[in-house]
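Below sits a lone chain in structure tokens, taken as the form predicted alone.
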Amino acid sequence: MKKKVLYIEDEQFLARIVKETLELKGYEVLHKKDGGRLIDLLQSFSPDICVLDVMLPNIDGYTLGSTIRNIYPQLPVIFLTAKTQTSDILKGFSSGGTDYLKKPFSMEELMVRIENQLKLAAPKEDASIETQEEVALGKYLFSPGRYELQIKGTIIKLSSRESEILSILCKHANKTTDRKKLLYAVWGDDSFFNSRNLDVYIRKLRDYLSQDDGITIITLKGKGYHFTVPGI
């Protein structure tokens, strides 16, 4: 079965090249000039991955990414943009992006990134904490398979990356998780961009877990993280 790509890009010349190349590589591509009716598109097309330009008319790519992340937390999102500032990259990751590609880019690099994101998003076959229904974390209940944290009746929806990182931290609870090994486990490499992406996710996990003072994620500079959880 063909993998489906929802591609939102308002530059028509670039969009035609990307769409035709992806289709030649065996993907089914739905291209739109803007993000209008995004929720309807997600439901009717059911994409396996979204590729979003950041600078779009009406609704920018970051807003679209946040919408996708809230509804489909496990769906990979690649941002395409000419913006190169670190703050822009961090904003992309905090807006639901799982990868970030600067314009101009080669089709070969885009293909590699799409394939990598689909591989990372694929269900894992081995039995591990990621497939468990529930894990008790202090006052929280973590449901890796549903990408959820629960506390006092409130459900916090996690992205697939957040859930995967928290699962790895849980495996090494009250021990040190090596930063480089964590990067390779989640992204397959320890590049600068993935490293900054990890920083964003760690900050967000700390925020999610802040209602239990006994739970801490301590950064050990040059080493990794110490995930402290009472009673685990």
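We call the rigid core the largest set of C-alpha positions that still match within 1.5 Å between the two forms. Keep in mind that this is a model prediction, so the values were computed, not measured. Start at 1 and count along the sequence shown; that's the residue number.
Below, we refer to the form predicted in complex with the DNA, which is not included among the displayed structures.
Only one listed stretch (103-111, 69-77, 155-163, 89-97) carries heavy atoms within 4.5 Å of the DNA in the predicted bound form, and that stretch is 155-163. The DNA in the predicted bound form is approached by R203, whose closest heavy atom lies within 4.5 angstroms of it. In the predicted bound form, the DNA lies within 4.5 Å of some heavy atom of R196.
Interface residue remark: W187 is counted as part of the site for the DNA in the predicted bound form, having a heavy atom within 4.5 Å. Remark: Y7 does not count among the residues lining the DNA in the predicted bound form, judged by a heavy atom distance of 4.5 Å or less. With the core held fixed between the shown form and the other one, Y100 has its Cα displaced by under 2 Å. Superposition of the core reveals a Cα shift of less than 2 Å for I17 between the shown form and the other one. When the rigid core is held fixed, the Cα atom of R206 travels 2 angstroms or more between the shown form and the other one.
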